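A lone chain, given as structure tokens: the form predicted on its own.
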């Protein structure tokens, strides 16, 4: 199963059409992601990232909903680990 996680674009590093990169924040953790699939995304926008590649843009409301769902799944997983 594949999983894409929402992240917020903090800053663009390179707008190259093929090898564009940006710094993206995930719950306080920042990573460099490849941005060729979302060349029109701007700083402050949310993107879904899979394996270090931003694959699509999403709005802030949808990003928050997905992050809340992932937090619930994490809580359930921790409860069953006991």
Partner chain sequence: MKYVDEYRDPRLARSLLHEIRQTATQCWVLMEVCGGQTHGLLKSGIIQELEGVVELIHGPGCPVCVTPAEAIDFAQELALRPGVLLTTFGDMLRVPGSRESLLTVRARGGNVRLVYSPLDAVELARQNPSQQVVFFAVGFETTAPATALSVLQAAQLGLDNFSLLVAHVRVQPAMEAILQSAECRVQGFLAAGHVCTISGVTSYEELSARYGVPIVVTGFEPVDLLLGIQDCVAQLESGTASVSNQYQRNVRDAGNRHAMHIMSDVYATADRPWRGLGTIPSGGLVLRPEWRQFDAEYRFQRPTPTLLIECADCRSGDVLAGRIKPPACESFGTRCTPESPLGAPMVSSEGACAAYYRHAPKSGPHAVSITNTGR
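Residue numbers count along the first chain shown, from 1. All values reported here derive from a predicted model rather than from experimental measurement.
There is another form of this protein, the form predicted in complex with its partner chain, and it is not shown here; the text below is about that form.
**Q** Flag residue 14 as yes or no: does it have a non-hydrogen atom within 4.5 angstroms of any non-hydrogen atom of its partner chain in the predicted bound form?
**A** Residue 14: no contact with its partner chain in the predicted bound form.
**Q** Does residue 62 make contact with its partner chain in the predicted bound form, using a 4.5 Å heavy atom cut-off?
**A** Residue 62: yes, in contact with its partner chain in the predicted bound form.
**Q** Within 4.5 Å, heavy atoms only: does residue 10 come near its partner chain in the predicted bound form?
**A** Residue 10: no contact with its partner chain in the predicted bound form.
**Q** At 4.5 Å between heavy atoms, is residue 43 in contact with its partner chain in the predicted bound form?
**A** Outside the cut-off, so no.
**Q** Can you name the residues of 42 to 59 that have a non-hydrogen atom within 4.5 angstroms of its partner chain in the predicted bound form?
**A** Read in sequence order, the residues that approach its partner chain (within 4.5 Å, in the predicted bound form) are 46, 48, 49, 50, 51, 52, 53, 55, 56, 57, 58, 59.
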